[in-house]
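Only one chain is given next, in structure tokens, and it is the form predicted on its own.
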């Protein structure tokens, strides 16, 4: 029997997290390189519908791991339930998206199983029969290849955008789905979850946005952010910013992209007046398409941009908004 890779998919607020499909794509790539079998699991009180959704992907099997104590989410319940499940199934490698929820419970889970976690990975290598995981260090200035030395199960999390969710392969037929009931003893859950905290009513999870318009110092004044907002609205996207904009209070901190903000991988990322400091680039370089507008032809952002527009954003963005509106009206 080949070793097994298990992907723990995340579901929140009635849908699968997009990063879960990215982790499926990562698992498929590792399975192809190693020859290991690939399975997936969804965890919650009643998650059969999510398991059936995942069954369309190229997987050997999908598990619906269930207990009434798994809803609402708590790190205690998830760690206890997954420990029980993983000990029974004995996968070699457990993969998860590097989300806030996973970061909350996976240290507890891995420690309880006497294992370790390689977190926030951006890739992997399989060389000489050895599996290596690539992760960034010093805010993206260096990349290190890291391997496990202890006994399995091994735990690894992948950074948002490291793999493309739309590249997750569908299976020739639906994968079998098995419901696994886990027993979580009374007293294991030591806290009572409240409603999910949001800093502001307009708070948004930018990791789920398909189009992002982001502004940097080149916007000059807070009032000029309205131009970027109009472009985002015209495109049906979300507004974001580099750290200096949020530090100045021009936009809320939940709109910040970068090493100290959110890491995103939208289909389209428009950078307006952003020079491209490494701290910002590590947060958005996984975008499928990057359009950068900057009057400095030597701006570092142009090194990763798919389309580089050298010019004053105040001359370029207003007609761009009009063209987007015309195109939408034509449809």
Partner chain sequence: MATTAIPTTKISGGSFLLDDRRPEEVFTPEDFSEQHQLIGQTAEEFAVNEILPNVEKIEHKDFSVTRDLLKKAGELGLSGVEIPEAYGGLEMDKVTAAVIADHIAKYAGFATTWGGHTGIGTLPIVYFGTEGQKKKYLPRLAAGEIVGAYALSEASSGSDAMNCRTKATLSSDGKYYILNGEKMWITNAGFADLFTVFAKIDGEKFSAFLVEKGFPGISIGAEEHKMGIRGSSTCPVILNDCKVPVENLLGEIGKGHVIAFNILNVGRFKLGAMCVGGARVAIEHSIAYAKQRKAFNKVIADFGLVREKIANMAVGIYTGESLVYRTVGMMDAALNEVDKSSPDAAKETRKAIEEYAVECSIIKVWGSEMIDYVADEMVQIYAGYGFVEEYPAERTYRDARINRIFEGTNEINRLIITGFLLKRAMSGQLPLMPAIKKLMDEVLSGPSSDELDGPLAEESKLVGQAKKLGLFAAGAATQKYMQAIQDQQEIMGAIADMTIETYAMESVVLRTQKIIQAKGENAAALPLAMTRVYLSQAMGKIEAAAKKVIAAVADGDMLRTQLAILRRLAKYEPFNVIELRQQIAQKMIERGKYGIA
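Positions refer to the first chain, counted from 1. Here the structure is a predicted model, which is why all the values come from computation and not from measurement. Think of the rigid core as the biggest set of C-alphas that the two forms share within 1.5 Å after superposition.
The form predicted together with its partner chain is left out here; the points below concern that form.
- In plain terms, the part of the chain that comes close to its partner chain in the predicted bound form, with a heavy atom within 4.5 Å, is 290-298 out of 49-57, 290-298, 62-70, 28-36.
- Of the residues given (226, 183, 170, 221), 221 alone sits with a heavy atom within 4.5 Å of its partner chain in the predicted bound form.
- Annotation for 305-320: interface residues with its partner chain in the predicted bound form are 310, 311, 312, 315 [heavy atom within 4.5 Å].
- If you fit the rigid core between the shown form and the other one, you'll see the Cα of residue 224 move by 2 angstroms or more.
- Once the cores line up, the CA of residue 16 ends up less than 2 angstroms apart between the shown form and the other one.
- In the core-superposed comparison between the shown form and the other one, the C-alpha atom of residue 248 has shifted by at least 2 angstroms.
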